[in-house]
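First, one chain by itself: the form predicted on its own, in structure tokens.
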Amino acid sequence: MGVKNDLIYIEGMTKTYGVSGSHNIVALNNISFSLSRGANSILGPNGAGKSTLIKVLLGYIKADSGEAQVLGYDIKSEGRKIKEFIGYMPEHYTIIPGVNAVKQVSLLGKIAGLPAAEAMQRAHETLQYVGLDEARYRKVNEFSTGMLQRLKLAQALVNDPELLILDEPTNGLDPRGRIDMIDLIREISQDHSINLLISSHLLPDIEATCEFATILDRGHFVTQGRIDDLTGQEAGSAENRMMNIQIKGSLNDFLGGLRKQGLTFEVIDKVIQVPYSGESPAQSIIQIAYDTNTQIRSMTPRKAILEDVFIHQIEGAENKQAIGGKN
């Protein structure tokens, strides 16, 4: 099984839905991987198996086969112990109409195993931490979308978890609320040393909050690694790359030189973007700068963003599955 320092360890996990026969849906297909302690994310398109995986790890559903550990505890025999150390923020709202915020959060604390008095104290503390201290006695069914998201986060934090699992934590938030939630999540991870596992379709949110990414597709494990390592490459394939250039001198003269060399370009926020395939156009660009008496301040291949990596990996995985299905 997993090693002591693994946050999560999964070996040979399979989960199918439906009755026996050709119409079974394979949500998880014999996946094996581990997650290091820190800020992790699970990525994948709809139907990748993200939600199923989280539900299996939380003990809400059982896998057909395979093994897993969370924080060193076995999900089959030590599920209750796991719940003591996990905080879970689900995608959908879980409120009790007519109940105020502090009572609802304290109830979640008691469900997590806290004594009643401690659960109430922690409820007050976590509501203050997420910015709901002035609304703690309001009925939760009167809360706005942003307040409900913060309420869910308070519920997940009430038992002072070692691992916080967040499912679409910025879902439905306006831009200001989204920024505030991202800042809170980052603070929770960095300042309070709480391990994270985030599932989100908003890849910029993952880049802003997580250190590691694991990609699933159609129930298969695709790849994983540090986000900095995954994105520290040129964006796109060999047929779809971009050179970013900043210059000092006559923009019109330099752009004219690019045209003469048959190079296309786009200027965005004073950065000249030159798409290319095959060999780098760097030498041609340097010659153009010399011919037009232009100083090149910077010239770098565009750093991949997580979306580039995500699309590239998913397309590769789907091609492999398609080829495998034909054999």
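All residue numbers refer to positions in the sequence shown, first residue = 1. Here the structure is a predicted model, which is why all the values come from computation and not from measurement.
This next part talks about the form predicted in complex with adenosine-5'-diphosphate (ADP), which is not shown.
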Q. Can you check whether residue 288 is within 4.5 Å of adenosine-5'-diphosphate (ADP) in the predicted complex, heavy atom basis?
A. no
Residue 52 within 4.5 Å of adenosine-5'-diphosphate (ADP) in the predicted complex, heavy atoms: yes
- prompt: According to a 4.5 angstroms non-hydrogen atom cut-off, is residue 27 in contact with adenosine-5'-diphosphate (ADP) in the predicted complex?
  reply: yes
ask   = Quick one: is residue 39 in contact with adenosine-5'-diphosphate (ADP) in the predicted complex, heavy atoms, 4.5 Å cut-off?
value = no
Which of 292 to 300, 265 to 273, 65 to 73, 39 to 47 lies within 4.5 Å of adenosine-5'-diphosphate (ADP) in the predicted complex, heavy atoms considered? The stretch 39 to 47
